[in-house]
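Shown next as structure tokens: one chain only, the form predicted on its own.
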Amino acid sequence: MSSNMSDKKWDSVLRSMDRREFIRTSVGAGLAMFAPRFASAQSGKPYKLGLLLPVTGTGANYADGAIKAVMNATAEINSRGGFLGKHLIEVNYRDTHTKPDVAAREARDVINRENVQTVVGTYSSACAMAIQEIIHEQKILHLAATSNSSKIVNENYTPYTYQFCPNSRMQSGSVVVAVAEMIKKNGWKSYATIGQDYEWGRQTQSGFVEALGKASSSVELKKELWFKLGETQFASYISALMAAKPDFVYGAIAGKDNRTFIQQAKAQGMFKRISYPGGLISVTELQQQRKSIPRGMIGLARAPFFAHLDQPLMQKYIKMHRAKHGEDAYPTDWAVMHYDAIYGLEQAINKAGSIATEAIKTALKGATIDTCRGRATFRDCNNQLNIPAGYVGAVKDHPDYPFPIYDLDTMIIVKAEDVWVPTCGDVQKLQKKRA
């Protein structure tokens, strides 16, 4: 079942969209197709894009910005006639519920029923890996804009998946760069970790522990805690962390769980007793917790707009986003990465001169593209984009924004090449053989 919306109607949805509104207008129908209404006689066949993101489940608070980014970018491209000036984009949306089995079912259905040529999504790494098997089997392009387990481009590699975000190994490594300096400066001897018990959480934590062991071999991991996705009561976990008395805690937590954990840890006084460096504090957390998030906390972001204000594409996107959603609205990390994915796809299509999947895949291979984060190149052996691996900084108020950002004078931006799997030979040893 599908529902068509004109650009004007969708514009109004975007301006006022919250989680409930989006569920009412699209998810209730199971599938929403947002199609342009201004096709001309000269237009070629439409380009069908599948968008798989959660508006339910733990990733829902990140998906809001991602959905807006995809719809804003495709609307702008369609205002120019679509891809190659003649292929208008149709966006077919599905809710993954942040569940791998649902993501796999919806991916297969949207490919077979709607004949989409590219799938964008899925937020959850477990969901991304679940759809990769289908992607490879059906030979459909997959743009992993925020799903960032390193397994997506290494152990589970398929030539049809391109990763536009720093993978979990890169992300963990970027935190280690900063934390290793703090260990040396503060004389820290021990730490504990807490993480979401699923693919991304496990990969991120293990990547951090492995990299920190090499960078600061004398520091001891005293305790590891894991919790299920969607946890709402963290009191026992926080008490266990404080009872362990580590010098610092590393958290591999994202989504709504991250917001809940930070709020409850602050209420229990954990941050006054134990340092908490390198936990995920993206623009979403900075905006949603602008009054309560502790100033001075050292956080990690994936694609913060304020780190790349000198980039032309970032300037263009901020202007577009604020025009659509209000003067105080700035794009989240998740929005930036999805915006880059859509324009990366357009650049590959322009290079190929075709919307044929194999031609686009060939054009993307090893390609250098313009992004909001600057010029970046896909690694030839696994299709990982070499955008910054992570942004580590202290939360600080800024007069130009209605929410805190990172201290721009001390923020560390870590290069991809400094922390990813060192050589393509090493990468290829990890990759499974596919037909």
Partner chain sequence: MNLENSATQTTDTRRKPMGMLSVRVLALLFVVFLAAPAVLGEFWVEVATEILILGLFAMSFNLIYGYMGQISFGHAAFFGLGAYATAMLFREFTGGTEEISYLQFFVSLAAGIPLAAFGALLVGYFCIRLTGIYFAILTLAFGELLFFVVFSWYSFTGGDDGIQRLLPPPLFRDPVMYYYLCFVIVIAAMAVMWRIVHSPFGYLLRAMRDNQERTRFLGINTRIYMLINFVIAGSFAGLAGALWGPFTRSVAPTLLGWQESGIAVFMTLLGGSAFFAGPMVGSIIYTFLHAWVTGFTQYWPLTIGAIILIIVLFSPGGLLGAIDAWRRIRTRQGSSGVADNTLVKEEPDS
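Positions refer to the first chain, counted from 1. Just so it is clear, the model here is predicted, and its values are computed rather than measured.
This protein has a second form, the form predicted in complex with the partner chain, left out of what is shown; the following refers to that one.
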Please name which of the stretches 336-344, 262-270, 187-195, 151-159 has residues with heavy atoms lying within 4.5 Å of the partner chain in the model of the complex.
151-159
Candidate spot Pro100, Met129 and Arg434, all three touching the partner chain in the model of the complex (heavy atom, 4.5 Å)
yes
Is it the case that Glu133, even though its partner is missing from this view, gets within 4.5 Å of the partner chain in the model of the complex, heavy atoms only?
yes
Against the partner chain in the model of the complex, would Gln311 count as a contact residue? Criterion: heavy atoms within 4.5 Å.
no
Report whether the minimum heavy atom distance between Glu199 and the partner chain in the model of the complex is within 4.5 Å.
yes
Given that the partner is absent here, does Asp257 sit within 4.5 Å of the partner chain in the model of the complex, heavy atoms only?
no
In the model of the complex, the residue from Lys324, Lys365, Lys228, Arg80 that sits within 4.5 Å of the partner chain by heavy atoms
Lys228
Would you mind picking the one in Lys86, Lys222, Lys361, Arg108 that has a heavy atom within 4.5 Å of the partner chain in the model of the complex?
Arg108
